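Okay, here we've got a single chain as structure tokens, the form predicted alone, with questions on binding and movement later.
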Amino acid sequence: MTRKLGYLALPLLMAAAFTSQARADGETIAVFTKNQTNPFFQTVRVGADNMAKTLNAKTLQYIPTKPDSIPEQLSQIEDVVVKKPSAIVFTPVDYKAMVPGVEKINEAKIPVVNITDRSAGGKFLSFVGADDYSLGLETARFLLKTLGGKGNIVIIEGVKGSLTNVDRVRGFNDALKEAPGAKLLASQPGNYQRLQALQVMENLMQSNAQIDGVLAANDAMAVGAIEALDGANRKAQVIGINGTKEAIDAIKSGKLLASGDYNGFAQGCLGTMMAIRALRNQPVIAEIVLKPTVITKDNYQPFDVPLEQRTCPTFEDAGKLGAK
């Protein structure tokens, strides 16, 4: 599948294979997200609900009670195959480990759209996500520019081996290579969890007398790092990724330097839109990769809008949002 946008024949053929007949409305869309602890996924779910309501469909949310649990998401797939929703919008908790689960969904002939983390296998109507490498690269560049291209830096990673973490940390490290005056002190996982990041940051501060910058692979961990810094009465510039409400509030108060916008609301909207359009035998876009935006104190205003007051993109907007 290429990254070229367009009203592609392949998704239409897949939709036709998956659905025996077009539906007018009232479809049930099962939305799979990774956890209830990362505010990003709440943003995705609100976007999905918003789009479903707009198109007179409804959602059924599947969320592991244990964050990012592979066994639990596999069990949820067993459940959804039995319940046979009209379509599925799917974020794998692990892009490799969940491939057998996706194959079960395919065997059950339930159409499925992949969002956020790109699955390593399986058949999908469409992919909607962001360029994690660019998100990492651009947010890290902003931090290093703020620090004058120098200083002691630590990276707090997400889940080791997860595709989002691999790409974001690769972007962080490439930005560091561009700043020879900066020194990477440590790169440790916080598993995308706020409390774990707080504990990682506390340990890093005990072994490093001077930390100037923190590159966190998501906003929840960035907030955890800030709490650790506050607890130790120390200062450092911190960036995150996701553009969550919590991050916007922290940027406004001066606690957080910046957040790479991952546009989870649009991902939820567009993933659900593509699923419903395919069910209604309407054209879909095979791949939408959203551009990164670094949210700072100078440009946060458009992002400082409650989720409930946001409006989903139109189909025409979708093409523009994902265009290179």
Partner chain sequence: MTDITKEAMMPPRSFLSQDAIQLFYRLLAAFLICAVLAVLSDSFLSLGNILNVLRQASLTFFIASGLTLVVLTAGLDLSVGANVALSACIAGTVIHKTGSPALGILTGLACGGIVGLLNGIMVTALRIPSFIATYGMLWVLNGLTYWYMAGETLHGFPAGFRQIGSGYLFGLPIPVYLLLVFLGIGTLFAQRTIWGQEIYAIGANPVAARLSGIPVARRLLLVYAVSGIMAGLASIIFLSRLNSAEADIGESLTLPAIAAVLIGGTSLFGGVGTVFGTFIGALILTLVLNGMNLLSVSANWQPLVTGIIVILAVWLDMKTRRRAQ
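Take the two forms, find the largest set of C-alpha atoms that superpose within 1.5 Å, and that set is the rigid core. Being a predicted model, the structure only gives us computed values, none of them experimental. Numbering follows the first chain given and starts at 1.
The form predicted together with its partner chain exists for this protein as well; it is not shown, and the discussion that follows is about that form.
Determine which one of 166 to 174, 106 to 114, 128 to 136, 186 to 194 lies within 4.5 Å of its partner chain in the predicted complex, judging by heavy atom distances; exactly one does. Answer to the contact question: 186 to 194.
I'd like to know whether D94 contacts its partner chain in the predicted complex, with contact meaning heavy atoms within 4.5 angstroms. It does not: once its partner chain is placed as it appears in the predicted complex, D94 has no heavy atom within 4.5 Å of it.
When the contact criterion is heavy atoms within 4.5 Å, does T37 count as touching its partner chain in the predicted complex? Yes, contact at 4.5 Å.
Can any non-hydrogen atom of E202 be found within 4.5 angstroms of its partner chain in the predicted complex? Yes, E202 lies within 4.5 Å of its partner chain in the predicted complex.
Find out whether any non-hydrogen atom of D212 is located within 4.5 angstroms of its partner chain in the predicted complex, and reply yes or no. No, D212 is distant from the partner.
Option touching its partner chain, based on a heavy atom within 4.5 Å in the predicted complex, out of Q42, T59, T293, N50: Contact check passes for Q42.
Taking a heavy atom within 4.5 Å as contact, would all three of T65, L198 and Q206 count as contacting its partner chain in the predicted complex? Yes, each of T65, L198 and Q206 comes within 4.5 Å of its partner chain in the predicted complex.
If you line up the core, does K84 shift 2 angstroms or more at its C-alpha between this form and the one not shown? After core superposition, the C-alpha of K84 moves less than 2 Å between this form and the one not shown.
Does K291 move its CA by 2 angstroms or more between this form and the one not shown when the core is aligned? After core superposition, the displacement of the K291 C-alpha between this form and the one not shown stays below 2 Å, so no.
Taking the rigid core as reference, does S75 move its C-alpha 2 Å or further between this form and the one not shown? Moves: no, less than 2 Å.
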